[in-house]
Each structure stands twice: as C-alpha cells, then as structure tokens.
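Here you get one chain, nothing else, as structure tokens; it is the form predicted alone.
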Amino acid sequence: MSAYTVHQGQLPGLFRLWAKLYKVHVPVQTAPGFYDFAPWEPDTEIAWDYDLTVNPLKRHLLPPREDLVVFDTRTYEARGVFQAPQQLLFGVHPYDLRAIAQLDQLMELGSPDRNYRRRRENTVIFALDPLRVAPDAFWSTLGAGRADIGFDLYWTKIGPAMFFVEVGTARGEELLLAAGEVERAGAAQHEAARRTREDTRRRADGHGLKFPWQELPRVMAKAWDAGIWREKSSMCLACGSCNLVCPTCYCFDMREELDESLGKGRRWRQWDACMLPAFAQVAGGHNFRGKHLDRYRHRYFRKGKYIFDLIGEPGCVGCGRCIKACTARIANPLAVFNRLWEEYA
C-alpha cells in the first residue's frame, strides 16, 4: 500500500481542487464539546482532534428523507428519482468506516437498494485516525479501532503540521496528487503513524467489553428472558433518539402523497425507529412489539445477534452516540452487553 507525507500548508490548495469536483464535508466544532460534519469553505476550521460527531455519517448515504418515485395519476406514468451528488467525506473515524461498511453489505442483501448504491458510488471517503476518545466510546473492544477497507485515503496526524496518508484506492491517490507531486512517506513517518495509533488505542482499551466481541451472539441467544429488559425498558420514553443517532440503523418508512390537484404525486422514504410505538404496527391496529420491553429487547438483539447472524459482526460499532443521546440513560449497549455476559456466559 502506497503512503505519502502531507504537510498542513498543502491542504488549502488540495481542498480547493477537491471542492471543484465534490461537495466536501469536514468535521467542525459546532459548540464547546460538540462536533459535526459540515460543508467545507475556504475559512472552515477543521476539528482535527474531534472525538465524536453528534450525527452519524449515514445521512450522506441514506438521507433522513428521500424522494424515490414521482408519478402522474392521469397518464399512469411513474419515474424513479435518483439523487446521488458527488461528495467527499474527509475525516471519517475508523468506527464510522466500519458502520458504512456494514451498510454497504446490508443494503445489498435481498433486493439491492439502488438509491443507496448510487450515493455510495459517488462518495469519496478519506479516513482519519482519532486523536481523542469520547467518554462513552468502546469501539476499540469491538474491533473498530482500525479499518483496512472502505476508504480512498487514510490520514494519520503525526505532527503539529504533518500527516501520514495511506492510499486505499486509485481514485484516492489521484485526488491526493491532483496539485502535483507529494512526498513519499519513509520509515520514520510509518513509525510515527504506528505510535500515534497505538497511543490512541491504548487509551481506548481501558473502557469496553469485558469479553471477546465474537461471543456476543452466543450470550444473546441465552438472554431472551433476562431481567434487564424489563428493568431498563420501564424507564424508556420511546423517543427513538438512539435509533436516529446510530450509524448502523437503516430502517425506513415509505409514504406517498398527492398534490392539491390529485394529479401528481410522489413516494418517499424517511428514517424510522424500532423504539417508536408504531414501528411494528400493521393494518388493523395489531402491534407486534406494542410494549416497551419488546422494543427495547429487539433493539439489543438486533445489534448483538440478528446483524451478526447476517454479516458476521455486531450491528454496533461502539461509537457511544446512543449513550449520549438517551435522555433516560438506558441506551447503553456496553453496560447491557457486559451485564448479560456476567449473567449468561
């Protein structure tokens, strides 16, 4: 794998070139202690040391609301809508890379999601090693502290004004060299990147699962009647915040509407959440998961077993967003999984 050394002074010129080809999004500080991805502008101050963004990056690949079909009731014609802008996500941490890689697999199962696929094909991803670890994060013990695929370039900050950049794809290398030759990385830069990653991983390892993540589906299989489901779900507000901030949740609802003339209409989809009371409700008013307990338990089985059975890894990357978003303080996969391990291992 090719690797280069990029200096801070080279970045403004590169960003200007990239912005001519793509809508570039970078991590920024939105308030003290809060970060998110925002469109890059020449005066944007990039948050190189951000620990976690408030919102997941899935919104760039699976928008919260997206038109799918427009139709005409008079002519009986319908046309698919595909909105797939050319975009570049700069500064994606490894755990979010893992989440995107999961979506790539899940959205191909059964009938492949063409809207997702087109957005993904038009998206360039530049990964960035984290320098700080969010208080609620446990990605290291889920194996999401490093990614080997799913990126076009992988950036590691190895000095106040220097980056070690690994090439993931030919497209990434072409974009890196768009402004001219870039210095090849030597042994010293490779070693500096290794030390940076080891330092972050060492700090991350102190907070996480008490068991190998590969054991999770076995433990979950025994825990259907665990007392924790009733205990925690009794405090659930059914707000769905944990679903909305989760980088791997991908459920959506389909809706249609006609305009005021009843001649033209559209079908769209929008994010849905398994913690909402109406999520599993069907025609006739029957609800397959009408109780808080049923919804709460389903979410954890989804993350700890069902997704694992499909793709061979948990549907949780340990980012900690749900822990931070939950007002009832019950959406904590780490606490739930560790307790289940103690009770059912």
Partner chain sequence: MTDKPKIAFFDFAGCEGDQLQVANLEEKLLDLLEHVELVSFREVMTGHADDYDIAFVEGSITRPEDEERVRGIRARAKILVALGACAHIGGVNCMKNFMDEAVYREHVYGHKARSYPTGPARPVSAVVPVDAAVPGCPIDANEFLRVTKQLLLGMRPTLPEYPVCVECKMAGNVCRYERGGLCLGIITRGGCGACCVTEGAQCWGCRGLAPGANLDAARYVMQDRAGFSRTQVQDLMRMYLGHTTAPL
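Model, not experiment: these values are computed from the prediction. Numbering follows the first chain given and starts at 1.
What follows is about the form predicted in complex with its partner chain, which we do not show.
Chemist: Taking its partner chain in the predicted bound form as the reference, which of 258, 221, 177, 161 has a non-hydrogen atom within 4.5 Å?
Modeler: Contact check passes for 258.
Chemist: Work out which of 311, 276, 293, 46 lies within 4.5 Å of its partner chain in the predicted bound form, going by heavy atoms.
Modeler: Checking each option against its partner chain in the predicted bound form, the one that comes within 4.5 Å is 276.
Chemist: Just one of 189-197, 242-250, 83-91, 212-220 has heavy atoms within 4.5 Å of its partner chain in the predicted bound form; which?
Modeler: The contacting stretch is 242-250.
Chemist: Please check if residue 38 has a heavy atom lying within 4.5 Å of any heavy atom of its partner chain in the predicted bound form.
Modeler: Residue 38: no, not in contact with its partner chain in the predicted bound form.
Chemist: Tell me, yes or no, whether residue 328 is in contact with its partner chain in the predicted bound form, where a contact means a heavy atom of each within 4.5 Å.
Modeler: Residue-level check for residue 328: yes, a contact with its partner chain.
Chemist: I'd like to check something about residue 324: if you look in the predicted bound form, is any of its heavy atoms closer than or equal to 4.5 Å to a heavy atom of its partner chain?
Modeler: Although its partner chain is absent here, residue 324 would touch it in the predicted bound form, with heavy atoms inside 4.5 Å.
Chemist: If we define contact as a non-hydrogen atom of the residue within 4.5 angstroms of the partner, is residue 271 a contact of its partner chain in the predicted bound form?
Modeler: Yes, residue 271 is a contact residue.
Chemist: Flag this candidate site as yes only if 34, 234 and 238 all have a heavy atom within 4.5 Å of its partner chain in the predicted bound form; otherwise mark no.
Modeler: Spot residues vs its partner chain: full contact, yes.
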